[in-house]
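Each of two forms of one protein chain follows alone as structure tokens, named structure 1 and structure 2.
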Structure 1
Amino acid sequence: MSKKVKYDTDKGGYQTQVLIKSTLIYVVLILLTLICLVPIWILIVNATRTTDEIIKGASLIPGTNLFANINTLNTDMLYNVFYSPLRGMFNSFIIAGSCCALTVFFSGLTAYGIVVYDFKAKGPMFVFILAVMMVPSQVTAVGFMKLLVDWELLDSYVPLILPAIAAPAIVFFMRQYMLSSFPLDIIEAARIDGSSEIRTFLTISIPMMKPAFAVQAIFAFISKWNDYYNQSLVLVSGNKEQLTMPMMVQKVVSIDRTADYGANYAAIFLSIIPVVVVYLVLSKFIIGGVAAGGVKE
């Protein structure tokens, strides 16, 4: 009997304990949420205010000056020599979009080739892909630059887009995905029905691997949109018609004689807005993709 009573009080203690713990966890989580969101919120707010308002002090309530600030970016000589939001977004979109399509398609094709067919070089090929997966792009940068100079590829989009065909980490991910959830019997069935190999890949395997393709497409797009390193290697002359969003922002950030703070904020704001919107819409896939280990930075 005494045992039972003790158990009951224990249970009460346990519940209070859980309650205290949950409260503590929520306090920390809300704090971290604020740390994550407040800088971005201040940015958004200041992008909508005039320079005078910004100098007066921080605020959490948006102003009404957003379009005037964007207009300053387009008309002020200090900015419009290298910053043009529409041009930058368009350029970034062209690069990220083509890279994304090439990466996903050719990684899928390569993984398919390695998984489905039996050929002598299959093993060595896979070992090679594993081995080069972690070679950092900084290591190849010097030789890459030499190649660009020798082949006169500077200030061209070709060396930014074409290498997207070869993405070892994504091939590896696709291979793992195919091995775990792609029944090879279906290929035999397609062959018996008279489908050509490439048609089998296009019409049967791509639709079946849609989840893997979708996740990799999102990540390829975002990482190419954000890729400052390679873009600044290739686009050396800084021609405004060619610059991408990250390069334009970098130039805005490094101006040291800023006249218009509202415009400065608006420039940064415009560069993050597309990514944040895409992220919020697709966040379910993105978080799932990170959890699946499909992301190699």
Structure 2
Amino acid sequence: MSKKVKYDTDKGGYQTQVLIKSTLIYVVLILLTLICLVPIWILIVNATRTTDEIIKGASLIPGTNLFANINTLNTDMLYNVFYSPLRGMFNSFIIAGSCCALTVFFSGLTAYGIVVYDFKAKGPMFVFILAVMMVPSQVTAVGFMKLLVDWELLDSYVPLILPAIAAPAIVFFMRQYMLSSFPLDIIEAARIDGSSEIRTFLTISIPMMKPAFAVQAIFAFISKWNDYYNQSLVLVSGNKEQLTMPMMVQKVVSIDRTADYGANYAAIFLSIIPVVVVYLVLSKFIIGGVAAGGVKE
């Protein structure tokens, strides 16, 4: 009888510890969620308010001035000289979409070659990729600009898109994903059946790596959509027809003469809509893809 009472007591104490631990975890997760979402919500709310309302202080209740703020961006001479949301989104989508496709495809192809094939330079090649990943893009900016001037590629989308073929960080993730969840026996079976290497990659490997491709597509698209640094280096003429959304938003928020804060927040709000849409479409792959790709060898 005493053993049963002791067992029930131990079981009850263990359940209490689990409950406390679970509660603390949920509290921390809720706080982190609020930290991430509240600033975005305040941004959306401010996009619907007037300048006077914004100056009075923060609010969590949306206003009624969203369309008026957007109209200000389109009609006020201070803004519409360089701001056109549809043109900016179109230009950004060309760059971000092309970079996303090139990055994901060629990074997956590189990781496929490193994992599937055995050759002497396999180890050194992967170490070189990791070393390149550690080099900040700002370090190579001077040489990059000199190359663009010599090749007359300034004010062109080409130097913003083609370098996306080389993405060391995404190659690293793809390789880890394949090492953890990619069965090499299927590749051998495809070879025995007479499938070519490129056909094997396109018809077998890519469908099996769909979660990894989706996750990296999100990260690549968001990174290139928000890439003001490289875009401002290459697109130097300031031509409205070439400007991307980040460049237009930067010009809007830099206006310090009779600034309209409502219009500024509306411009930022419009710039994040495509990113949110892409994330919502592909978000179901994030948890599975990150979990599988993060497993150690």
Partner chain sequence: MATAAQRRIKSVSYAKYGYLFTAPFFIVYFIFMFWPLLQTFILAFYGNGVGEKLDAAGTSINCFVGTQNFKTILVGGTDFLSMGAHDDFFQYFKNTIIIWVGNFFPQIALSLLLAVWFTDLRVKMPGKGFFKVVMYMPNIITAASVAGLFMTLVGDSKYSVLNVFLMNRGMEEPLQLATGEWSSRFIVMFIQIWMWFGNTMIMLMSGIQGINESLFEAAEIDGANSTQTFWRITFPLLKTIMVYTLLTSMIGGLQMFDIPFMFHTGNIINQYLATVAVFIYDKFHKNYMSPSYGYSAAASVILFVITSILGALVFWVQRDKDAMELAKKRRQAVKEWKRKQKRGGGFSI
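The structure displayed is predicted, hence computed values, not measured ones. The term rigid core refers to the maximal set of C-alpha atoms that superpose within 1.5 Å between the two forms. When a residue number appears, read it as a position in the sequence of structure 1, where counting begins at 1.
Remark: the form predicted alone is the source of structure 2; structure 1 originates elsewhere.
When the rigid core is held fixed, the Cα atom of Ala96 travels less than 2 angstroms between the two structures. Here Thr72 counts as shifted, since its C-alpha moves by at least 2 Å between the two structures after the core is aligned.
Taking the core as the fixed frame between the two structures, we note the C-alpha of Leu32 moving 7.2 angstrom.
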